Structures are given as structure tokens and as C-alpha cells.
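Here we start with a single chain on its own, the form predicted alone, put down as C-alpha cells.
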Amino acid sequence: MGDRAAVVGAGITGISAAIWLARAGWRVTLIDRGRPGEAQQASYGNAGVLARSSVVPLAMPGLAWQLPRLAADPGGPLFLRRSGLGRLIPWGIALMANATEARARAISAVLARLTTDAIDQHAALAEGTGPERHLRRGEWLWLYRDEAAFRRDARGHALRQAAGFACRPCDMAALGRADPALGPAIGHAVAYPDHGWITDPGAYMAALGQAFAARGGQIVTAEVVAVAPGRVTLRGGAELAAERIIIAAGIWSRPLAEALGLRVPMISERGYHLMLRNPSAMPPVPCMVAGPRVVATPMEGGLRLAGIVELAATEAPPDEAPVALLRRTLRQVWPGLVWTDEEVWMGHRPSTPDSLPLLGEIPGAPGVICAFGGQHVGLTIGPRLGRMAARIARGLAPDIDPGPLAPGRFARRGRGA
């Protein structure tokens, strides 16, 4: 068969794995229901931020006491729908088992190893191929109502500082001059230096797909219904043979991996974006509005507001309430903004109860490699995760310890993994 690989999933992790394998001289087939950069992919609709400092896990100490308040708060970032509760409950129990000081510190340290070089990983992936024009570097602003609200966020900022990411307080007068549309609801802000963002995630992904094809990579538009060692089965019965198979299909990876006997306690944290076309103003760099955890990112196509955690069944239709929160946040923070047109989008973050992706060969399925579960940092870590998956496919060790990301860790540790 030779050095032939199949990559299932054309999001940022999958396209990264495919490109790095192609650069190593492998014959690679990339398979997805849509082309790279199309709207059904989380890589299309994310906030676009390369959030190097996103090292705070979802499960933090005190989460059990905060969840009821968050779920009941219409101005908060969490929306809970009854659909899909059967799967959400065991995932939530496993999540709570990670909500300790020791686990939060341990998980944060692993996340830091994945996120710290994110901008360099994107630059290496895109170098000389055209997609690099969509990469920007700059600060990552966090906006607060006042200094007291910032102090209440101290635990997360402390984890970031422990990982080497120190923020600086902003001069509010200078911030107002840089962003004249910013309203009086924001009284305090801090900046994390040396971050980045993608100015058009969809176009960036499409350009990466074109770069892969230019290297001789094959892109197959089809639905994968089963994976087995040496073989990928498509809807309709067609089969593709491959020496190595990388599953990098986000939330859709779960049934493929579970059919091979792997326990995958992963749910969709559904996220939304509101894209404003031709806005009257835009912030110069990405901003996190800290209360509702809404991100505002300046892009080539306009201003994108994104975020929200909606826990619901994967197949449930989009809801109006999360989009309404995005609109309220916009009006509170940039009250005078106007625009000509808008796009609303909903997608799926593949989230594990320990906030870490699955990376490595599936036990009992030689040659089948997991590379999924990027949760809120999927775009940030995708090039690194895909590059490490490509190394594993080639029989090489990743450049960081893959142990905490092992696909079989949930079976070993049980519910609290």
C-alpha cells in the first residue's frame, strides 16, 4: 500500500494533518461532507482568535455551585435545553470530577503546551501557500464593566499568568481613542500581548484546502460511515484503503471512534456567531466581553460576535435566545454601531469533560489515529494537533508528551477522566 493516509474531516485539524503528511511525501486523501471552509464546519464559524492564553479549563473549582445560576441567567453565556439531556448528564458528572484545584492546574498546564506556539504553528502551516494573508498579530483585549468585575475573574487570570501569559491594564482614554464606538458600559480593560486572529476563517480554510490539493492531495466530498484498520467506508458502500487513518471530524468523530470500541465522553457545546457586514466601526483587535463571554473580532467581511455555550442535542435546531444575547452585548458595548447586513451561524464545539483533545492511536485499532476534541480552542490548536497526528501516523513521537491526550484515558480513569 505504501505511505497512503486518509484523513476524515476537513476542518483545521484535519487539513493540517493532511498538509503535513503531504509535505512528508505521503499520498493523502482528505474526506468530508463539505469542502474545506464551508459553513457546516466549526472552522468556518468560530471567533477567529488564536487564543494562546486560553489555558483555563471548563471545569473549575466551584462549578457545581455556579451552574444553576449560569443556567438561569439570561445574560450569562450558558444555555441549557432539555434535548439531549440523556447524554449531557453523564458528561456533566465527569466534568464535575475535574472541577478541583489540582485537576484545573494539571489540565491548564497541558493546554498551555498546546496553545503557546499557536501563531507560529499557523504561520508554519500557511507559509508560502497564500493562506498566510489571513493571519494577523496583535493584542487580545478583555473588557469589563469595572475593576471589581475584573477582580472577580482573578482565578482565570492567575492560571494564565502561571502559564506565562501576563496581562496589562489598559489606559481607558487611549482605548477610547483606538475604538471610538466603545460605550460607557466598559470601565476597565486588560490586554494580553502577542496573540493573533484569522481575518476570514472560511477563506483561510478554503485556501489551505487549495494548498493541499496543489501538493497532489486528493479531496473527496462524501460522508464517512465507518472506519476500520486499513479501510474507510463511505455512504453508499464505496471503500478507500489507507495504511494510516486519522479521525479529525470534530463532534462527528464520536460515532466513528465508538464503533471501534473507544469510550468517547464528548458532547457538542454549540456556539453561535453574528456577523455584521459593513459596520460603521470595528475594534482594532479582538475583544472578549468578559461578563457574557462574547468575543468581537474584526474581520475582512465585517465584525464577528461569537461565543455562547448551548448544551443541547447535536441535531436540535438553532435557538433565538443565544443570538439575542449576542445582540444585547453588542448594544451594551458598542451602542452606536450600525451595519448593512448580517449572518447568523450555529456550530458544534467537540468538548470532553477534561477540556483536552483525544490524540493517538485507538487501542485495538492499529493505524487508526484520533485527533479531535478541541472544544473552545479548536482553531487555536488545530495546526499543532494535526501536525502531531501526522507525526504519529509516520511512526514518530509528538514533540510534547501525548499521555494526557491518550484516547483510552477515559476507559482507564472512569467517569471522572
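Every value quoted in this text rests on a predicted model; they were computed, and no experiment measured them. So that there is no doubt, residue numbering starts at 1 and follows the sequence shown.
FYI, the form predicted in complex with a small molecule isn't displayed, but the following is about it.
Heavy atoms within 4.5 Å of the small molecule in the model of the complex map, among the stretches 355-363, 386-394, 61-69, 48-56, onto 48-56 alone. A heavy atom within 4.5 Å of the small molecule in the model of the complex is found for one listed residue only; from 222, 158, 213, 324, this is 222.
Of the listed positions (80, 337, 97, 306), a single one reaches within 4.5 angstroms of the small molecule by any non-hydrogen atom in the model of the complex, namely 306. Taking the partner from the other structure, the small molecule in the model of the complex has a heavy atom within 4.5 Å of a heavy atom of residue 9. Contact annotation: residue 29 falls outside 4.5 Å of the small molecule in the model of the complex, judged by heavy atom distances. With a 4.5 Å cutoff on heavy atoms, residue 347 counts as touching the small molecule in the model of the complex.
Contact between residue 246 and the small molecule in the model of the complex is not found at the 4.5 Å heavy atom cutoff.
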